[in-house]
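Form predicted on its own, single chain, as C-alpha cells, below.
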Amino acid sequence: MTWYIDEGPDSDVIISSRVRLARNLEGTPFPHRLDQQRSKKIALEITNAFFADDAARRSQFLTLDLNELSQEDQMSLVEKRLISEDLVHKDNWHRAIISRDESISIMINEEDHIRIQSMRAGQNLENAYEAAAETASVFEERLPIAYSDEFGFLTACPTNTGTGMRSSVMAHLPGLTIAGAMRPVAESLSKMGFVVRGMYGEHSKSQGDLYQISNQLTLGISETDLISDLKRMLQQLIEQERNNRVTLYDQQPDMIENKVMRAYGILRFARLMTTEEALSLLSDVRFGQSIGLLKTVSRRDLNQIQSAIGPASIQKAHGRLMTPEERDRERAKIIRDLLK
C-alpha cells in the first residue's frame, strides 16, 4: 500500500509531511554546470554507492532514468510529488530512485547532486526525518559529501546551506480560506521563518485549499530544532483551522451543508470533470467529512481519488496520450467508481 492513501495524525488538516535533504559530492561542479557525459557518470556513481551489494535495498527500490521515460510517466511522478518538475526539465542526465511504497524518493542531478525526500501521511515529521536521515547516512558513509565545518552541508542554492533540510507539510485549510484569513496567516508565518506555497511548492498556486508550508531557515539551527519549531507552529495552525470550520458551520449551516452536499452530488454523478474543478469539489467534500456531514466517505477514499486524477496519471493508466475531453471523461468516471 502506498503511503499517501493512509491517514495519519491530525490528517483532517495535515494531509502529509515531507522532509527533504540536499547533499552534494565534494570537488564536483553542481548539476547545472555538468554536461551529459559527466552527469551520467555521477548518476551511476551515486546509484552504485546507494545499492552497493545490498540485495535487500535493491528489492525495496526502483531506479528510473528519466531520460528514458515518456513525458506522461515523468509528469505522473510529479503529480504524486515523488519528483520535482525541475528534475523533469533538466538537460543533463537525471535519475530517480523510488521506494516501492513511494515513501522515499531520491532525485539525482536536480538542483543538487542528491535530493532525498521522505514522506508520511498526516503530521508525522519526526518519522519522515528519521527515514530521510537514515537514507542520507548511506551516501555520507560511501561518498565524499561536500561539508564545511563553518557552514554545514554545501548546496547549489545558498538558502539550503547548513542542514540542507526542508521540512514541510501539505495542509488542507478551507476554514481559513473561506474566512479570508489565508493572506494574514501567510504573512504572519513568513515573519516566523516559514513560507506558504501552493500544493506543488515554489511558483505553484493553491488548488483545492491545499497549501505547502515549510521552513525557510537552514543555517545555524539543527534539524531537530527546525522540526520542533515547525511542529509548534502547526499545532496553533491546526487549532485555528478547526475552530474556523466549527464557527463557519455554526454561523452558516445552510450555506456549508449546501456547499458540501452539492460538491458530493456533482462528484457522484458528473460525466466530465476538469482537474481544477475536481480538486475544488474534493476540498468541499473533505471539509464536510471532517465536520461529520458525510459519514459514508472516508479520508482514505478521498486520498485515493486525489492520487489518481492528475492528467498525466490518467494517461499513464491508459497507456496513451488523451485529449482534454477524454481525460475529463475518465476523471469523472474514476471519481464515480471510487465514491460508489
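We number the residues from 1 along the sequence you see. These figures come from a predicted structure and were not determined experimentally.
If you look for the form predicted together with a further copy of the same chain, you will not find it shown, but the lines that follow are about it.
message: Within 4.5 Å of a further copy of the same chain in the predicted bound form - does that hold for a heavy atom of every one of Asp254, Arg268 and Arg271?
response: Spot residues vs a further copy of the same chain: full contact, yes.
message: I need to confirm a contact call. Of Arg100, Arg242, Lys231, Arg262, which residue comes within 4.5 Å of a further copy of the same chain in the predicted bound form, counting heavy atoms only?
response: Looking at Arg100, Arg242, Lys231, Arg262 one by one, just Arg262 meets the 4.5 Å heavy-atom criterion.
message: Give me the residue from Thr159, Ser222, Ser190, Asn258 that has a heavy atom within 4.5 Å of a further copy of the same chain in the predicted bound form.
response: Exactly one residue meets the criterion: Asn258.
message: Given the stretches 325 to 333, 312 to 320, 5 to 13, 20 to 28, which is the single one in contact with a further copy of the same chain in the predicted bound form, using a heavy atom cutoff of 4.5 Å?
response: It is the stretch 325 to 333.
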